[in-house]
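Below you'll find only one chain, the form predicted on its own, shown as structure tokens.
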Amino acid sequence: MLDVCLLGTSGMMPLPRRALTALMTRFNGSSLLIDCGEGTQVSIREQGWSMHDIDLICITHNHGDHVSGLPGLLLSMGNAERIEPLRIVGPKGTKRVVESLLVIAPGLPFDIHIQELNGKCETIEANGYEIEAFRVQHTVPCYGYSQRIRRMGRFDVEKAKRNEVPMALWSRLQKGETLEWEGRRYTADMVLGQPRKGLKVTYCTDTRPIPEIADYARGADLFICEGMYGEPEMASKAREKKHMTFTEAATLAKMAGVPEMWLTHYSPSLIRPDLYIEESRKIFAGIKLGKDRKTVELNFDGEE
């Protein structure tokens, strides 16, 4: 099971009922945060979730509306007596930005490990899932992220017996371990069936609608994408500022073949995004308006 919460949906500046950009997911006792705009920790508290369990923070890019909430969040995590290390991943320049922000968040009781991304696509292993970081097209280096939870095949008793696997090893092999036992090597594939469908969430903001985004979002159970502008007359501004319109986002979702898309990162001038969604639904029926603290629980196939 993967819990997903869109903590903030505003771009550029916060509004009274619209915090700046952030997404949080929870899986197996660990939390992931993507971006940390102003108001993020308030949204976490209003949602009733814990910031103490955040083990990884992924930054799309180093503009203020995506990182301005970091100092307060880190201080609150420290005040909650967190001592476990925290990983922060982001594009080139993230180390300098985070270290600068830490000037006003001194004395944290936990270590921070910063990883800067340089490639077109990089994979990060974290707490039982993978993060696929892929470069997008903005005015500064910027990445989208896919969180992927893989799922092993079912335990196959007959297969284990055929492979003469000692029963004492079954439970550990079922968890994916590789073991040595009485001079023989045993692997998980000796007791498991074919891998089953896992879960995938793709998050992408502050970019033009390049085709590569649809490629990276393919297979996602949920695609969360920026919709900075809904008004048709703002298309030229979207191109100029390297952002996206509702219809451009909908086209990407259609190309990716995803079942559902949430729009986010609205322009502060877009007070009523609901007035412009219908045209996008003609392109992709599964498009929905994101809003602060919009939440979903994603389950593996066959589970409620």
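A residue's number is simply how far along the shown sequence it sits, counting from 1. All figures in this text were calculated on a predicted structure; none of them were measured in a lab.
Unshown form predicted together with another copy of the chain; subsequent notes refer to it.
Another copy of the chain in the predicted complex reached by all of 34, 92 and 107, non-hydrogen atom within 4.5 Å:
Result no, not one residue of the spot touches another copy of the chain.
Between 187, 171, 100, 139, only one gets a heavy atom within 4.5 angstroms of another copy of the chain in the predicted complex; which residue is that?
The option sitting close enough to the partner is 100.
Out of 42, 256, 277, 270, which one falls within 4.5 Å of another copy of the chain in the predicted complex, going by heavy atoms?
Going through each option in turn, the one that passes is 42.
Choose one stretch from 63-71, 256-264, 23-31, 232-240: the one whose residues place a heavy atom within 4.5 angstroms of another copy of the chain in the predicted complex.
Looking at the other structure, the answer is 63-71.
Quick check on residue 75: any heavy atom within 4.5 Å of another copy of the chain in the predicted complex?
Yes.
Spell out, yes or no, whether the shortest heavy atom distance between residue 79 and another copy of the chain in the predicted complex is within 4.5 Å.
It does: once another copy of the chain is placed as it appears in the predicted complex, residue 79 has a heavy atom within 4.5 Å of it.
Residue 248, heavy atom within 4.5 angstroms of another copy of the chain in the predicted complex:
No - in the predicted complex, heavy atoms of residue 248 and another copy of the chain never come within 4.5 Å of each other.
Quick one: is residue 296 in contact with another copy of the chain in the predicted complex, heavy atoms, 4.5 Å cut-off?
No, no contact at 4.5 Å.
What are the residues of 1-31, in order along the chain, with a heavy atom within 4.5 Å of another copy of the chain in the predicted complex?
In sequence order, 12, 13, 14, 15, 16, 17 come within 4.5 Å of the partner.
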